[in-house]
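Given as structure tokens, the chain that follows is alone and in the form predicted alone.
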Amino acid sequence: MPTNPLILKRQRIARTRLFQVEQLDLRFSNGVERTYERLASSGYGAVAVVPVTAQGEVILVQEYSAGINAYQWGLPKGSIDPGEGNLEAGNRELKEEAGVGARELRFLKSIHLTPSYMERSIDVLVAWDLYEESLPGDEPEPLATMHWPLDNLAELVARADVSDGISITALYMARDYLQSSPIQ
């Protein structure tokens, strides 16, 4: 197994309301030195939730995606607030974005979007035993919701308005988890 490079120097080179860029001066085990830049983690983490209905459908939300200037369907997701655990944050995000809460939530895995230059991870959760409940969220407009059969992911992923890598990854992870550990 390779040895991690030695961090010779770490400094923040830019900061916005949402992002912090760090420069890392590194020395690799073979003596080669390089400078890398990364988006550093900030806040308390984030969650993406796969809410599964009693009918075996997932609930998706439609949000504006500024990065591609388009509306996209994806999973409820958001930041973990101070004092919250990931399951609490997941249930809150469900209520804010999808108008449902969950009596059962399970942590599946932390994933990294682009580990080559981004430190931040997101916790993938699966939720079931859903009930109606809404909380006010921080979205600038109400979010539309759509139910989609979990066993028909290929057709969902083929849509032009479904391109969020977090959502796609989490949906397949949840499908595989539920196939091996069916919910009661």
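Start at 1 and count along the sequence shown; that's the residue number. The shown structure was predicted, so the numbers you read here are calculated from the model rather than taken from an experiment.
The form predicted in complex with a further copy of the same chain is left out here; the points below concern that form.
Hey, with a further copy of the same chain in the model of the complex, do Gly43, Tyr44 and Arg103 all fall inside the 4.5 Å heavy atom range? No, none of Gly43, Tyr44 and Arg103 comes within 4.5 Å of a further copy of the same chain in the model of the complex.
Is Glu132 close enough to touch a further copy of the same chain in the model of the complex, meaning at least one heavy atom pair within 4.5 Å? Flag for Glu132 set to no.
May I ask you to check whether Ile111 falls inside a 4.5 Å heavy atom distance of a further copy of the same chain in the model of the complex? Yes, Ile111 lies within 4.5 Å of a further copy of the same chain in the model of the complex.
Although the partner isn't part of this model, could you tell me whether Glu57 comes within 4.5 Å of a further copy of the same chain in the model of the complex, counting any heavy atom of the residue? Flag for Glu57 set to no.
Answer for Pro136 alone: is it within 4.5 Å of a further copy of the same chain in the model of the complex, judged on heavy atom distances? No.
Partner contacts for 23 to 47, taking a further copy of the same chain in the model of the complex and a 4.5 Å heavy atom cut-off: Residues within 4.5 Å: Leu24, Leu26, Phe28, Ser29, Asn30, Val32, Arg34, Thr35, Tyr36, Glu37, Arg38, Leu39.
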